[in-house]
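This document opens with one chain alone, in structure tokens, the form predicted on its own.
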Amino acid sequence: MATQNSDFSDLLHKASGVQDFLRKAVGRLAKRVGSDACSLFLYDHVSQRLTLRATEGLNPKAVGVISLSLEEGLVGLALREQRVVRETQPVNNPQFKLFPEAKEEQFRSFMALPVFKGSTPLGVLALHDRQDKGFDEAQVNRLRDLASSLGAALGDAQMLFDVAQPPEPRTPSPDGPVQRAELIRGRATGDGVALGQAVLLGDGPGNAYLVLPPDVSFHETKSSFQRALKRSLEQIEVLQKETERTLSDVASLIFSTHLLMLKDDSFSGTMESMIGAGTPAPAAVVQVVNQYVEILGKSPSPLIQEKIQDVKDLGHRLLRNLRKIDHPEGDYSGQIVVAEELLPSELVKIAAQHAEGILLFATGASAHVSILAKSLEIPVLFSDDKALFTIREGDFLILDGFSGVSYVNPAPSVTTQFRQLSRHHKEAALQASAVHDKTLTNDGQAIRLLANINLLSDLPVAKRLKAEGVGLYRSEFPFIIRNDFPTEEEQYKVYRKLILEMEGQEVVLRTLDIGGDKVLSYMPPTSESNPFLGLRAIRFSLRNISIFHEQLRAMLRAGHGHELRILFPLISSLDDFREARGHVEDCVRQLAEAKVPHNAHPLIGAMIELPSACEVAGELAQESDFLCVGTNDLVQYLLGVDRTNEAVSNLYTAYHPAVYRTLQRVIRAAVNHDTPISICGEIAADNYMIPFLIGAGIRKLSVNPKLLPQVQNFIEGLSLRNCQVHAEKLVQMGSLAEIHSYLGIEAPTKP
């Protein structure tokens, strides 16, 4: 049986346009849920009204005609009160509003489900049935799951209706003279080197509109545009299928905007009409794209504004396919994307289209974008240098992910040097795959090396490099990248695939860790003055029990027939660990009562990231099944240094007396209670820290999959006895200068 996503993806490919897609989608929904009729009402944020946009079972002539406010009818009630409305004999409800043109009097059961992206309303799905038995809870859950999968495309559809009557095209005024940058410094995430021509995306200064790249020849005729349009459709259909295969945890219809717009008369049809009237094809693409950019930018809806990059991205592809020099992919291969800001979902789209690298204007690398970039194997450079805005479309860039420097139109000798560096880096990565099944110090002590997994696409690398399990699965990334909270069923599929792929090896599933610099685009913005000390990680889960329970049930179901480890992040006390564990027990009871297969006895662990948790490490070790030390946050909280703040970056260091002594106490507490303990932060792959960790008693390290070979190679040159002596020396040292001198490293310089 096909998955929900592939069902809707298939409809997207077959549809002739947005209206056809919506009609087929509601037909599919009616069949899957088991109802005689299904209708879709989309919400317009400007008029604040719901309009019937598609139906299967009601009179099709009512589509686009029926419109109601949130104060009208059971459909309005569902969105106004943000709840499912179910009725038998709905005509007897005083809030029922009859629309004679719909011909809905024949139906005796009714259900309306509001559809949201986070807290932003998209519309309402309404079901009708001729039987008066009503809709049961299973049908509600089925419709909710399907609606979640369809959510991204619904936002795209409303955007197309919003711009169906665009104003006259305008051509953006050219920028004034600027001082050109030759070198841009920043902070890189994801090593490697990227070389390519600049393509400007987003709405930052200098790149608000799509522009024709200089010195490029294009085909200009109507027939050439039609070929480019057909080619673009084929490319995106292939791309959507490929991303659903390789990024199934985060790629739910992520190219729906592209497909719907290419098939929409108000977009591609307008271009074709302009070309028929004498406008060269490239100019028509640029003008129509830019009128959409202007219209979307004025929308009060953040959901609509988010589509600006999709529109520009589509214009870029059409222009690539209109070039006289053939570019068979039509994507970002051979190019570096320059933007002011990118959402995680946008980063996934760009990486899927084979961009060489990304240059972003930002004061610091956010955690989720940094981690995503590493998983997607694309170099990203963050820079707060405003010279970034002087980069022009088509400039040749080199992005050095090792030093954090980007070169603009460098000399040929520099380009040659970096091409060689890029080739050597790729060759070294291939050679690194020759790793041993087990990792032993030179005197025979076994150290287990596991992988930190962010996306399911990390799994092939982890398996190829012989990871002995998954020491940390960061479950928040499907939440961060998607348009809405993934449903229990969607989460279950991700966790189940992860467990099955690891074939009986240890897998640790960490519950949702958002907050700090990892935010959800579909949640209302918070006013927390210090989000790193606010409602994040386990605190968020304990405040949002329904979300927490959905995730726990998905994990428990995924662990059926296998060992299951669930890890709670940011535990601050024995009390919140017990409270969180109690919710696991509640979910086990729920699944047992519903007779749903699950793991009834998961291993429960606490993540040690806070000084308060370190102080009660003995009690936590006694009550938990395992401990995991998240050193990235632990160092931050021990030293009182925001690790994303460039102004104090020199103060963030793991080579600190307090860090060594705290780690030793936590490790001893775990060992004394015979509780397994692992390290999953960046220091687990740090050659200056590994000898200390082994000497202090750590026998399990979890690292980025690509780092497994070098970590193994380093450990194999160590002896346990020497590591123990080394660890004892370090905890006796009281100053940074003493430690730096002993380790032979330079003190970090002030920014």
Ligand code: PEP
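Residue numbers run from 1 along the displayed sequence. Keep in mind the model is a prediction, meaning the values are calculated, not measured.
Form predicted together with phosphoenolpyruvate: not shown, discussed below.
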Phosphoenolpyruvate: the contacting residue among E476, E346, E468, D458 in the predicted complex [heavy atom, 4.5 Å]: E476
Phosphoenolpyruvate isn't shown here, but in the predicted complex which of R557, R510, K312, K117 has a heavy atom within 4.5 Å of it? R510
Heavy atoms, 4.5 Å, phosphoenolpyruvate in the predicted complex: which of 605-613, 405-413, 273-281, 487-495 makes the cut? Say which one. 605-613
Though only this chain appears here, would I336 touch phosphoenolpyruvate in the predicted complex if you measure heavy atom gaps against 4.5 Å? no
In the predicted complex, does G630 have a heavy atom within 4.5 Å of phosphoenolpyruvate? yes
Residue contact check: V293 to phosphoenolpyruvate in the predicted complex, 4.5 Å heavy atom: no
Taking phosphoenolpyruvate as it sits in the predicted complex, is G76 in contact with it (heavy atom to heavy atom, 4.5 Å or less)? no
